[in-house]
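Only one chain comes next, encoded as structure tokens, the form predicted alone.
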């Protein structure tokens, strides 16, 4: 190693000697003898100017402050003056024999000093750096607090001690507070206690869970089902369990946030088609598959809702199935707002569109709507269900659904099958409300006439989503304050990427009376006429 180092030093020394002895180093320019040391000094000055011209360290979005810039310029100027004094001055005073050594030391001094300046710049920036807040700055829109219910979320509820007609809860069959559900929950609490205290795979499976899964599978006509502890976690756990990086998902642009989250967690390639537009879906499927040999080897999915929460529209499942079979895709269908509602016996969109349930690959649903309980369910073939028991995060890592809520789901299905007139009453109420709102000023019904979500949107937008929402919020607040009718706007979180127009959502229940529906329609028409005069 020592011999190698000596060879390198000797080579450097020979190079410097060559520079000093070169013919051009002893040239005469305008009567001035250009010695070897002046040539090297000039070269070093060029290097210094180049270093000084380099931009100081700057963060991507935070420029240097005036204080930092001034300090850095002063330090660089000082280093330049010191070098000139040290190198040129010594080069003119000291004997030639020591010039080489002095110039080398001057150059090394300059480099070290320049590095020191860079560290000083970074230290100054670190002292002035202010981290971004953990949460975004609160806006007036974020400070909105919805009314607080003081009783059960039935067709009528209490807000600030006042009874109001409730159109803000998805209590489609009116089962909230039903006597049989309360009795089933009480018996389950006495037998099993409140919670399971463990995931399904770690001693959290109770016999009532297996009974509920079998009961739902029988009701929907599928081979098997799997329960989740939370309705939203059903969607953003089931989707990533099947859809992986590299897979292709074609989804409706109007899907709700839980599905959006599931699509993001899957890391699949996601493309969206226009809301409930089958021509757009066909074009997108054609674009994905045409001439793409690689797509034939990928898993491909179509993701839709039966009843869209963001618009109240019903998906044309029969057309979706035709496209699915033509382009060889799988279908994931969310029946959260259709199970217990659509179809002659409440079995959802498949019954409503007369499509065999076996043609749907994966069906998910939240049980917090028509069944008036909590949790979610995914149903399908035995292979689809077994795969989730090992690969679905919401099932594997979450404590299982409390037994009393599971008992409530079983009882709710029993009540539905024994009282199909609840579905007929719900359909009648939907028609009554839609007729009452058909000529409302400034608003229009955007939802399907069979949908339990009556969705009112502005006929003429204000030009911004925020402006539209403010107008609709004002209408909802006046209706509640003046007529004791509780309605909800489609306010979305900052995480929700849905681009559909906002609106007023009315969740119709079989428990609403005709007087409730008439009062809601008249109140909305009166307030809308005052608030939207001239908006048609």
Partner chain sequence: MITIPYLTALTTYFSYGLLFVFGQFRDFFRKIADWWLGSNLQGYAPICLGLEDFYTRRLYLRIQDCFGRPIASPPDSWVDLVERVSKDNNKTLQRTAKISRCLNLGSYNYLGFAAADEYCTPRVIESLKRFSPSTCSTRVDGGTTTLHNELEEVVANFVGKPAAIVFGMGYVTNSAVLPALIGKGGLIISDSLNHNSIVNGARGSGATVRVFQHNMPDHLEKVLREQIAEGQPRTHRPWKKIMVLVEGIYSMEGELCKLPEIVAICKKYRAYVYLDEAHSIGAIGKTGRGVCELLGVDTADVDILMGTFTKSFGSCGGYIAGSKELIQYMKYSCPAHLYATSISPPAAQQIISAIRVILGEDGTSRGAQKLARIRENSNFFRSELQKMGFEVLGDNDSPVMPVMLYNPAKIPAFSRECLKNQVAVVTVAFPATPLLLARARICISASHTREDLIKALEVFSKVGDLIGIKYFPAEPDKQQQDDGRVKLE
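Keep in mind the model is a prediction, meaning the values are calculated, not measured. Residue numbers count along the first chain shown, from 1.
Unshown form predicted in complex with the partner chain; subsequent notes refer to it.
For the candidate set 435, 218, 191, 180, a heavy atom within 4.5 Å of the partner chain in the predicted bound form is found for exactly one residue, namely 191. Taking 404, 455, 308, 273 one by one, only a single residue has any non-hydrogen atom within 4.5 Å of the partner chain in the predicted bound form, and it is 404. Contact check for residue 233: a heavy atom falls within 4.5 Å of the partner chain in the predicted bound form.
In the predicted bound form, the partner chain sits within 4.5 Å of a heavy atom belonging to residue 132.
Under a 4.5 angstroms non-hydrogen atom cutoff, the partner chain in the predicted bound form has residue 384 among its neighbouring residues.
Residue 290 falls outside the set of residues with a heavy atom inside 4.5 Å of the partner chain in the predicted bound form. Using a 4.5 angstroms heavy atom cutoff to the partner chain in the predicted bound form, all of 201, 296 and 369 count as contacting. You can rule out all but one of 441-449, 418-426, 347-355, 262-270: in the predicted bound form, only 262-270 has residues with a heavy atom within 4.5 Å of the partner chain.
For the stretch 387-403, the set of residues having any non-hydrogen atom within 4.5 angstroms of the partner chain in the predicted bound form comprises 387, 390, 393, 394, 397, 398, 399, 402, in sequence order.
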